[in-house]
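Included below are structure tokens for two forms of one protein chain, each presented in isolation as structure 1 and structure 2.
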Structure 1
């Protein structure tokens, strides 16, 4: 009433304006950087932020939580020279994909013509992908995971081939450390149980 609301709104803006400079000075006194650092972005994303809290995208980006998912990628073990692709081209991911954006071509043995558990070609149309994560959820070999990368805009169609989809297991451990550790523990426990069962069978024989 009578302009009090306008003055109250302006006072909030004015306070945030000065809080920005006061917070910048406090960070400068402590010898830290409030901008263009992971610590600075985390602070401005927290409840303790004073003044400006926006990030200077694309130079700065918000810290993604571990469970953030965007596009899928294929995991391989080993190194770049000797890639052990986890995918067996079983086709389950393509069957459960709601928008049907996954295409797989199986590898065949040139001598027998029988299928080999390894993909010859693997394509994902990222422009159609709805980022649901069904492919990663249903993959029985932990070969597909959801990436944190979201800046994939281009002038061409975003159809990723096998080469572009493959990323090392170390990358997956980096972006999803909790999930990776749980899966590794479960895998080791399964292998230990399998080894114990084999040892028991050997002793029984």
Structure 2
């Protein structure tokens, strides 16, 4: 029969149409909120997603996985008044960056002229950055990390300087808890090993 295929296809859209309401009703019957809740968004991103698929950004947001990366930022320990920048200006991120969008000026000791492990200036040209994540991946000091913040559109070009790049370690711990804990543990283990070695050395002496 001519038109059977079209009807078959329409049955799919028809089912999808009703799914929209059925899913809403089933959530309502169970007394749960389908919209504007983390649970609701998680359900819409799962294998059982049916009905309305839309995530109503900006009222609600997709659940970002820990590894999500947008643009880089620099981590500092300590507090706002006394920032201990983790970066030692070793330059690995600038070397590994594929589009070469990282600029670093190393600090030199004014008296001796020798380099100090701290960046004097640090720039990332966000309009060149390709969000590849190499800088964070290869940083040996866990000093540069990829941000989760994506709503950074502006009315001008974006070249971030040190001040704009710095974010506290607590923020980093918040967006990437698993990575943060792993790194902290590794660091503690390293320090413990160092202390043990030092203790052993003094004992031997």
Partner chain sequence: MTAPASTQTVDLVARFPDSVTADTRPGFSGFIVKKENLVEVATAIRDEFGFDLLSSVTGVDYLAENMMEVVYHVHRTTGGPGLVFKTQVERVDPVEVPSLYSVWVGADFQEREAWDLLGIKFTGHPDLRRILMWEGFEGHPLRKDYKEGFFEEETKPFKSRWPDGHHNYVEFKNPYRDNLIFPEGFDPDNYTPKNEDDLYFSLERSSMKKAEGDLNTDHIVVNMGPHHPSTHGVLRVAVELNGETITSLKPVMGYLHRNHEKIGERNTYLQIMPYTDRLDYFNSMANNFGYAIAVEKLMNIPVAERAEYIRVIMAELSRIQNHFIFIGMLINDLGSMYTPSLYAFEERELILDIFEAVSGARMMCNYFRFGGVVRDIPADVLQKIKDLVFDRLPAKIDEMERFLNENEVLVGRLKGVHVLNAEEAIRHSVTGPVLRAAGVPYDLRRADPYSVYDRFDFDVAVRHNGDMYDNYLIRFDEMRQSLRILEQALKQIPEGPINSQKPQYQVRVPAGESYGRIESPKGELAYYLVSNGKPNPYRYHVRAPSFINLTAVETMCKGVKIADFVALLAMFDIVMGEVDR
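These figures come from a predicted structure and were not determined experimentally. Superpose the two forms; the largest set of C-alphas matching within 1.5 Å is the rigid core. Residue numbers count along the first chain shown, from 1.
Structure 1 or structure 2: which matches the form predicted together with its partner chain? Note: form predicted together with its partner chain is structure 2; the other is not.
After the core is matched up, is the C-alpha of residue 53 off by 2 Å or more between structures 1 and 2? Yes, its C-alpha moves 2 Å or more.
Problem set entry | Large Cα move at residue 16 between structures 1 and 2, threshold 2 Å, rigid core | Shift at residue 16: 2 Å or more after core fit.
- Residue shift check between structures 1 and 2, rigid core fit, residue 43 Cα at least 2 Å: Indeed, residue 43 is displaced by 2 Å or more.
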